[in-house]
Ligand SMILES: Cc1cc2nc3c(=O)[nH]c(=O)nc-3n(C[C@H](O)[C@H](O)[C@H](O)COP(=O)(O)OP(=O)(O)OC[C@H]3O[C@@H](n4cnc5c(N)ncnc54)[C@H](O)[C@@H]3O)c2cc1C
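Below you'll find only one chain, the form predicted alone, shown as C-alpha cells.
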Amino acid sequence: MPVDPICKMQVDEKTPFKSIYKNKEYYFCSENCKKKFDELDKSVIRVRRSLKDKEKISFGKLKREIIDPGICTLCGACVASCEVLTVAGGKPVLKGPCTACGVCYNQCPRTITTESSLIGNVRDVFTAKTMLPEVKGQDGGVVTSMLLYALEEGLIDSAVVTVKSEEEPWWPMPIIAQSREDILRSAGSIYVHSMTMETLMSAIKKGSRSIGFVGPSCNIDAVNKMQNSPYGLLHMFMRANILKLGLFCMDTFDYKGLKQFLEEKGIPLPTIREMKIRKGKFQVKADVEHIFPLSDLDVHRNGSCTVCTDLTAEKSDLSFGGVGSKEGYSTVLARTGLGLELFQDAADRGYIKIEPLERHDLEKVLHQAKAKKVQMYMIKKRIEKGKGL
C-alpha cells in the first residue's frame, strides 16, 4: 500500500486525495495532508515566476560551480526543487531537458545569490570623484578627499593611512596623518599588506579621539573585532571613535616577489608612478604603461588573499573601489547612517562630486564580489596548479 508522504500513514490507492509531483503520483489520507503537499509545488511555481525576468541560470552553472569542483553537499535541495533532476553516481544529474529557470541554483546552500551576501549591508550606492585639483588619488581620489573633508571640518583629529616608504620604493608605511600634506601623501593604492593596527593603537595612545581609518577588508575586520569582541582591545574603550573607510581589494602580493617580477620585466620600482588592478589586468605606469594578466602574479599572491571572501570591506562605514565606475571615478557603498551623512555632506561642501550608481554598474561590483566569494571553492585546483599537478 502507498504511504502518505505527510503523515506517513498507509493509504488505499482508491483514496480520492491524490497529487502528481515530478511525474509521480502521491496518495494522501485526507484533504489536509494533500493541501500541505500541494503547497510545495506552489512554492516552486512562485519561485520560478519571480526568477522569470532575471538572468537565465541553467543546471550547467550549478554543475560547473558547485558539483564538478566537489562542493556539493548532497543535501538534495536542487533535486527537491526540479522534476528533471535526480541523483545518480553520487551527484545530482539531469534526467530531462533543463529550462534554465534558475530554481535549483537558488536553492543550493553553496551558491551565493543575494546582494547582501555578496557585498554586505548597503544603504546607498554612488559613483564619485574628487573636486580638489591637488588630489591625484586612484580611481577618482575620493578616499583622500573624504579624509581632507573630515580633518578640515574638525570631524577627525587624525587618520591612519598608508604611504610609500622613501627608503624602499613601494614598501607600505602606515602613519598617523594629522595634516593636509600627510593625507595627500597617502593617495594611491599599494598592493602589499600594511600593518596598520599598531599605528591605530599608537594614535589612540597619543590622544586621538576621532580617527579616520583606511584599509582593505582584512584591516577593517581587525578594527571591527577589536571594537566588538568582548575580548577586543577597544571593546570597552569609549573615548575613541573610528570612521572606517574600506577599500575594495581582490589581491595583495609579497613585496619581494612583486619587486622581482617587475624588475625581471625591466621595470625598477623607483620608476613606477602608479599600480592598478582593473578588469583582470595588473597595470603599471612608469615611463610607459605596462599591462600584465593578473594571473602572471599568482605565484606572488599573499596566501591570506586566497581564503579572503570579502571584496568590498563589508564592515566599514564607507567602501571605495574602481569596480563599476568609469575611469577617473570611484564606486562608493554607503553602509552606515554616519557614513552616508558624512559622504553627502562632503559633496555639499564641494570636496567631491557624487552621482547615483546605475544598476548595470552595480552588477559589475556584484559579479566581482561573487568571484571573490567563490574562490575558496577552487582552492584545491589552485594548489594543484601551483604544484604543477
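Quick note: we count residues from 1 along the sequence shown, nothing fancier. Not measured: the values here are computed from a predicted model.
Keep in mind the form predicted together with the named molecule is missing from the figure; the text below concerns it.
Among heavy atoms of A334, none comes within 4.5 Å of the named molecule in the model of the complex. V323 belongs to the set of residues with a heavy atom inside 4.5 Å of the named molecule in the model of the complex.
Shown alone here, Y191 lies within 4.5 Å of the named molecule in the model of the complex, counting heavy atoms only. At a distance threshold of 4.5 angstroms between non-hydrogen atoms, L262 is out of contact with the named molecule in the model of the complex. For a residue to qualify, one of its non-hydrogen atoms must sit within 4.5 Å of the named molecule in the model of the complex; all three of V142, G215 and T252 qualify. Look at 262-270, 240-248, 115-123, 150-158: in the model of the complex, residues with non-hydrogen atoms within 4.5 angstroms of the named molecule sit in 240-248.
The contact residue chosen from A187, L200, L258, L318 relative to the named molecule in the model of the complex is A187, the criterion being a non-hydrogen atom within 4.5 angstroms.
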